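Read the single chain below, which is given as structure tokens and is the form predicted alone.
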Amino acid sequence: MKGEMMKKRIGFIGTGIMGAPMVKNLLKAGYPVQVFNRSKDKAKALEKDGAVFQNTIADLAQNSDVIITMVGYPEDVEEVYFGSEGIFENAKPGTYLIDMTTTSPKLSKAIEAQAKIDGLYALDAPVTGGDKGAREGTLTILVGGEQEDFQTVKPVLQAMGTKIRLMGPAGSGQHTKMANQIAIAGALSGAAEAMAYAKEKGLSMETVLEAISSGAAGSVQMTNVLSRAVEGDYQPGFFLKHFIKDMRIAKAEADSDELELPVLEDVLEISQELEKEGCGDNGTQIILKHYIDE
């Protein structure tokens, strides 16, 4: 099956912080990749790595056997798939569609439903692991869709990630990603509160972080994310504005089932306040600013 997939032409839409290194890993694995991005310079920059730039989504879709999308917001996903010049208007029957954006589970189900009507195969496959995982090809990929479709495209996913799981039918990958983001909200805010406490008591945040991060309190959020803020680095591995988008989706899904998630709601409120202050393009570690600047 892997040999068969190697012959397939991959179209990749969305070549930002996550998408660009994912494309590079597909190219390194030997896949022919075409790219499109709304900011065209970001896509054209990948030509030096062997990617073929396409000027429109229509051109990319018409010439791809597998189409991967990694865009920003649910409305971007909807436009890319359902727009007049989008994927559904232009993809040929038999094409595999893999949306790796973190988006609404309901939208993932709508994409799969339309794909079936059009003779296409659709999977939702959001990822965790941040920019580091994207660069190193070690992403965790959470997949929703049909077992047979998953097995067919698994070799493609293995070029970008190491932990690849089918979580259930369409939308299940997105629901699992929501669970992941809810857990991150608690871990990140908890680590930030710990550093605020340490600073208030006259301790070195760097020294405390080093001392406690390898023990029971340790987490990826503490070691790989908040540590950047402690060092004064707020550059995005994952944009705060995108984390807000994810938390809003998770909250909407929880609200639809009358499920209360107070930690998520608190972190969402804090993050939205930071976004209003102009911090949306910073990394999620900027949340430390809320605790130490108060």
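Just so it is clear, the structure is predicted and the values come from calculations on it, not from any experiment. Here, rigid core means the biggest group of C-alpha atoms that superpose within 1.5 Å across both forms. One rule holds for the numbers: they count along the sequence shown, beginning at 1.
Although it is not shown, the form predicted in complex with a further copy of the same chain is what the next lines describe.
- Checking L107, M222, L120, V156 for any heavy atom within 4.5 Å of a further copy of the same chain in the model of the complex turns up a single hit: M222.
- A single residue from the set K163, K132, K116, K92 has any heavy atom within 4.5 angstroms of a further copy of the same chain in the model of the complex; that residue is K163.
- Using a 4.5 angstroms heavy atom cutoff to a further copy of the same chain in the model of the complex, all of S172, V208 and A217 count as contacting.
- Only one listed stretch (68-76, 83-91, 185-193, 147-155) carries heavy atoms within 4.5 Å of a further copy of the same chain in the model of the complex, and that stretch is 185-193.
- Within this chain, D266 lines the site of a further copy of the same chain in the model of the complex, having a heavy atom no more than 4.5 Å away.
- Not displayed here, a further copy of the same chain is kept clear of G232 by more than 4.5 Å at the level of heavy atoms in the model of the complex.
- At least one heavy atom of E260 is located within 4.5 Å of a further copy of the same chain in the model of the complex.
- In the model of the complex, at least one heavy atom of A254 sits within 4.5 Å of a further copy of the same chain.
- Here S84 does not count as shifted, since its C-alpha moves by less than 2 Å between the shown form and the other one after the core is aligned.
- Put the two forms on the same core and the Cα of G94 is off by less than 2 Å between the shown form and the other one.
- Superposed on the core, the two forms differ at A217: its CA moves 2 Å or more between the shown form and the other one.
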